[in-house]
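Before any questions on how it binds or moves, here is one chain, the form predicted on its own, in structure tokens.
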């Protein structure tokens, strides 16, 4: 019987070890996949694969930045002299413009004469700027390709334009999303922190046992409501209320997202803060009361200082709950990729951008890799929050 029990214990230990190993490996593989795809965005040309920017051999311009190319294709720059070339007008050319210069007979039934015609076009138009696929170029091309500066981490983090599908040069600046994410999270904390701490203090120090046993499960039940339900509530109730109260054109604003996220963060803050407050030793409270302190003085001078590490952990975990929320924020913030200057304008957050665009991004393309790079930024924010919580808890133990 003892031998069977030992075998059973070893078997259970093996199952537990296997489960923990598989879980750890899965997490590690997910992180590796995230970084492999996301980091693939940087130190490469912003042009899509196999596409090039070409000019005539007579044109002295050798390289252009993404911003310069955007300005050229937006007709903000119309002369080569503004980008280091000679004084000549810029003629924009894409493969769709070929029929404006050559007839179908000249191109051939199967476009077999297309490479030759591209040569003729670039030779006849020294001011041309061509955006074409490499496969269309002849072997002896009468022009040269322009080097487009690679995407850098700085441009990605601090760029203010997010146009991942624009032609010919996409824009991958996430600064508006970073600001939007932090502003929505900050607003949520302004709402959830006082309400959550007040509720935790009430449950831990004021409410009797019957009321606590009734209220606390109701608060914790909020954590089980799907985020899309919060989103619908915000869209139907909070958004029209904000629009009418502040006389706005649209009610999908940072404030709407902050209110929804504040409600969603309440269960985390209330539960953890209430548990921390209740861990204060009864002997400390009794000693304070015995020295003549009132109930509120004891709460302010003894209970809260003793539980401050737990309260801080509750606040930080509430931030983590808010910063990673996707669906509810996607529905009520308006998804405008502009730097928000107040709580009454639309904004876009990092998680909402990933959720909204990942399904439409071609696998392996620049847009796909840019969204994974967004995931890396969000992952690093979450890691910082978790490390902060771990530090606070370790300090509390010491």
Partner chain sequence: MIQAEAKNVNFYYGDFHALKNISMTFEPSTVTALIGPSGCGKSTFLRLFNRMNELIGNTKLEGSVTVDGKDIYARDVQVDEIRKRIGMVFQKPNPFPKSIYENVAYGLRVNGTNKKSVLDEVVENSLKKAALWEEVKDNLRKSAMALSGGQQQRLCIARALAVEPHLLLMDEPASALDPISTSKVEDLIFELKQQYTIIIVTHNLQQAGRISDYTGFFYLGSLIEHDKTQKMFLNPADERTQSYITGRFG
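Positions refer to the first chain, counted from 1. The model shown is predicted, which means the values in this text are computed figures rather than measured ones.
From this point on, the text means the form predicted in complex with the partner chain, which you will not see here.
Among the candidates 291, 124, 229, 214, the residue which, in the predicted bound form, approaches the partner chain to within 4.5 Å (heavy atoms): That would be 291.
Single option in 268, 312, 298, 326 placed near the partner chain in the predicted bound form, where near means a heavy atom within 4.5 Å: It is 298 that has a heavy atom within 4.5 Å of the partner.
Option from 246-254, 97-105, 154-162, 299-307 whose residues, in the predicted bound form, bring a heavy atom within 4.5 Å of the partner chain: Only one stretch qualifies here: 299-307.
The partner chain contact in the predicted bound form: residue 223, any heavy atom under 4.5 Å: Close contact is absent here: in the predicted bound form, residue 223 is far from the partner chain, nothing within 4.5 Å, heavy atoms only.
Distance check, residue 167 to the partner chain in the predicted bound form, heavy atom within 4.5 Å: No.
In the predicted bound form, residue 284 touching the partner chain (heavy atom, 4.5 Å): Heavy-atom contact with the partner chain at 4.5 Å: present for residue 284.
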